[in-house]
Structure formats: C-alpha cells, structure tokens
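The chain that follows stands alone, in the form predicted alone, written as structure tokens.
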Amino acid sequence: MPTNFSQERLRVRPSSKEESVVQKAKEQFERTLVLARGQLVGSVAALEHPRSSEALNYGEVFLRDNVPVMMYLLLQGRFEIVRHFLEVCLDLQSSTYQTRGVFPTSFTEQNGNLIADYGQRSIGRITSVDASLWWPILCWLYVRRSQDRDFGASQKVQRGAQLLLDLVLHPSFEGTPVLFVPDCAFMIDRPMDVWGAPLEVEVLLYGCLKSCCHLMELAQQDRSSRLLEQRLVLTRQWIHNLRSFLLKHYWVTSKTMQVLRRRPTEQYGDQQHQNEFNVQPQVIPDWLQDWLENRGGYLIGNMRTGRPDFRFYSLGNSLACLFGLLTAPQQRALFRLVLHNRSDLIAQMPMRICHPPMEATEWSNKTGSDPKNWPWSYHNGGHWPSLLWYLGGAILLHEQLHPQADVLLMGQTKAMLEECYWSQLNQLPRQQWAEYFDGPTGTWVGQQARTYQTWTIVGFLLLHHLLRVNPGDVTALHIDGPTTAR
C-alpha cells in the first residue's frame, strides 16, 4: 500500500508571490458568484475555461460545492448572501411524497424560474444525501455567526428542519442509528462500493442532528411546545446513540484491531455480542498494521455485516473533528496517523480523498469499470485540494480549544499544514485551480478535471484566512460553540 514517495520531496518553499496569488484568487472567486431572484445567491461549481464551449452542469449552484463558499462569506461578514442561499434552498425543499424533505443537489435560474435537481438529472440518477444534511449545519453556523436568531427561530426554518428530521429519523427495517444510503449518494458520486452507512454521511448526519437541535432550542425559547420538546428529546437521544455507535464500530487503533482480530464469530442469541457484525479476521487488510503504527487512529469508511470498509476517507474524518464527534485524544491520534502516512495522504497535492484506491479486478467489479474512477484518479485515490481546508480547520480548531495539549504533536501538525498551504499556493494558480489531481503522488492534473473549480479556489482562500488573516475565526466552524457576538 505505501508509495515509494520520498518524504524529502514533500518539503516546499514559501513563495514571495503570496499576496498576488491571494488577490487573484479573490478576484476569481467574485466571478463565481451568481444571481437568483435578483440577488447574489452563491457560486457556480466552476468558471468556464476560456477555450471551453462544453455545456455542463458546472454552471449550476450546488449545495455541496457551496459549503466552503458560505463559510468564506460568513467570515467576510457577507451575511445577506448566505441567508438568501439558505432561503432559496428552503423554498426548493422537495414536497413530493417519496422525497419529501430532501434539499436540492443543485439549482439554476432559467428565464426567471428556479430549476432544481434532486438527482433526476444526475449520472446514475442518485439523489444526493449530503446536500440535505449540510443545510441545517450551514443554517446554524449562519445563525451563530450573524446573530440572526429570528431567522433560525422562524416558522419557515423550523418547518424545513422538521421535514428533514421526519425523513432521516423515520422507522426502518434497520435497528442501528445510522442512515443507510445507496452508492453515489454523497461527494463520492460515482460507484465506489460505498453503499450502506458510509462515514461521510454518518458524520454529516451527526452534525445535522446537532444543528437541528440548536435551531429547535431557539424556537423553544420563543414558543415552548410539548411537541417540540418531545422532538428535542428524541433527536438528542439519537445523537447520543449515533456517536456511541460510530465510536464503537468505526474508530480503530492498533489496540482495537488486536481485539477485533481475536473476537469470536458466528454468535447467536440474546447475550451481549462481542462481534455484532460477524467480522471475520481474514477481512482485515495487511497494510493496516503499518498504517496505524502504535498511536494512530481513524474512523473507517463503512461498517456492513461481515464487510467493514477499512479505507481512509479524508472528509469524514476531518468533519468528525470539526463536529466534535471524536474526543480530543482521538483527534490527536488522527493527526498522528496523517503525519505518519503523510506521503500517502498529502504527497504533492494535498490531499487524497480516499486511500488506498481499488485496482485491477477490484476496480472493475466494484466500480463497474468506471473510467473516471480509474485507480489513483477522481474519487478512487485522487487528490482534491478542496479537502485541505477541512483538515486545516480541524487542526486549528483543536489548537484553539486545547492549547496546552501535546504541544510537540500540534507543532508538527501545524508545520505540516503550513507546508501544505505553500504547496497549494505554488501549484494551483499555474494548474488553473484544477478540480482534482491523479497519480500516487497527485502530481498530474486530473484526466477529466474541470479547471477554475470554485471549491478549489475558495478552499485555498479559507485556509489562507484561517492561517493568515484571523486564526480565531476557526471557532466559526464549531457547531457547539457559544452564540456570541463577533
């Protein structure tokens, strides 16, 4: 599994062009902003390449792609755009029976009308789950940052949150507190054998439920009701059960793996099972021993009966830190793991979305021979610069909340983050802010990558803001932080 990429080649030098690169990126970001109903509403997925005439959906406003956009606008104090974005998404929340409560994957305005996509136009026709789970999180972070309590407590917002809760917390044939989804239902939107309870979706569900609770608490302060109190109790219990489940079944370290390898199998009956999902020791990959080292830890990608997915997913693990799902010591174990496996996860273009990639027969069988998810490309081991700010935010938030904890480790982690920042600053402008990068070291621009990708541009600007402009603003990413004035 480990590549032969030398650690020495990871070292990068600062650039004297930092100020000009940042200024140019800001100008390009402003060009991504578009109008809806006569007001700025958010960013298109990518700017058209000067020589490209392809008509693709990169000119639409994607909820998923606008997560970093909205966070950047919040840090700039441009609250009116964020509120308008939230309101438009709320107006487009699905009301049809089968998808009631779902937020749109994307939308665009044509001839004065808003046209939303709930998956009916997507490749594979899969409804995006992460878009719906992100909306309450963005809404609550907006309310916290802007102090717009009236919006959070409004009947319109409360109804939208209740519709979503009705959708994700409804009874099902599955007894666990996770949300089951099909393949391709989140950022990894092409076949990658991630069906079931993929980490990113479950962590987003955790953040979504916490945000919904905070929003309901606002409404409760204005108009207390028995029904609202019951919904709060139910949601808080679900949050507790979900976190306990994920930490029990997804969190792995060298110590937990030794226990897992020796657990009994084929258990039946009412007694407390030590191996609830009947995981056979043979499915534990050989590379895991060196990957974890002695003090590293991470959340695995999925837990299905007899089929755990031990791949590392960068976004899910980073969000688990930002949302407070992982404890402080577990977050530091994750940082140690990233440092130890830096050549795999960071390489030339930080950072890899998923590791290790599927190759050969496994790639063919599990992706349907998807040419875009070729080994070491796109979601199958590709490098996405837009993911770095999530990890950077997790590191910087941890430092803010736990300033005295393992100073040596955090110093090494911050130094790595600085080098990653310089690496992106030196490379991304001349590589036209590409969507993703291919190969074991992330050196080549992705074979089908769009250029001038919005979340590549704004992800860099977010990291620059948190490292250079105002490091204290990282608390704006903290879901459970106090609702205080800026």
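Residue indices: 1-based, along the sequence shown. Keep in mind that what you see is a predicted model, and the values were worked out from it rather than measured.
The same protein has a further form, the form predicted in complex with alpha-D-glucopyranose, not shown here; the description that follows concerns it.
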Worksheet item: Non-hydrogen atoms within 4.5 angstroms of alpha-D-glucopyranose in the predicted complex: do 85, 91 and 151 all have one?
Response: no
Response to the item:
The one residue among 379, 336, 231, 145 placing a heavy atom within 4.5 Å of alpha-D-glucopyranose in the predicted complex is 379
Worksheet item: Ok, 117, 189, 193, 344: which has a heavy atom sitting within 4.5 Å of alpha-D-glucopyranose in the predicted complex?
Response: 189
Worksheet, complete the sentence: Counting only non-hydrogen atoms, the one stretch of 437-445, 451-459, 413-421, 35-43 within 4.5 angstroms of alpha-D-glucopyranose in the predicted complex is 451-459
Worksheet item: Is there a heavy atom of residue 384 no more than 4.5 Å from a heavy atom of alpha-D-glucopyranose in the predicted complex?
Response: yes
Discussion item. So, residue 31 and alpha-D-glucopyranose: in the predicted complex, are they within 4.5 Å at any heavy atom pair?
Written reply: no
Discussion item. Whether residue 26 contacts alpha-D-glucopyranose in the predicted complex should be assessed with a 4.5 Å heavy atom distance threshold; does it?
Written reply: no
Worksheet item: With the partner left out of view, is residue 433 within 4.5 angstroms of alpha-D-glucopyranose in the predicted complex by any non-hydrogen atom?
Response: no
Response to the item:
Across 60-75, the residues having a non-hydrogen atom within 4.5 Å of alpha-D-glucopyranose in the predicted complex turn out to be 62, 64, 65
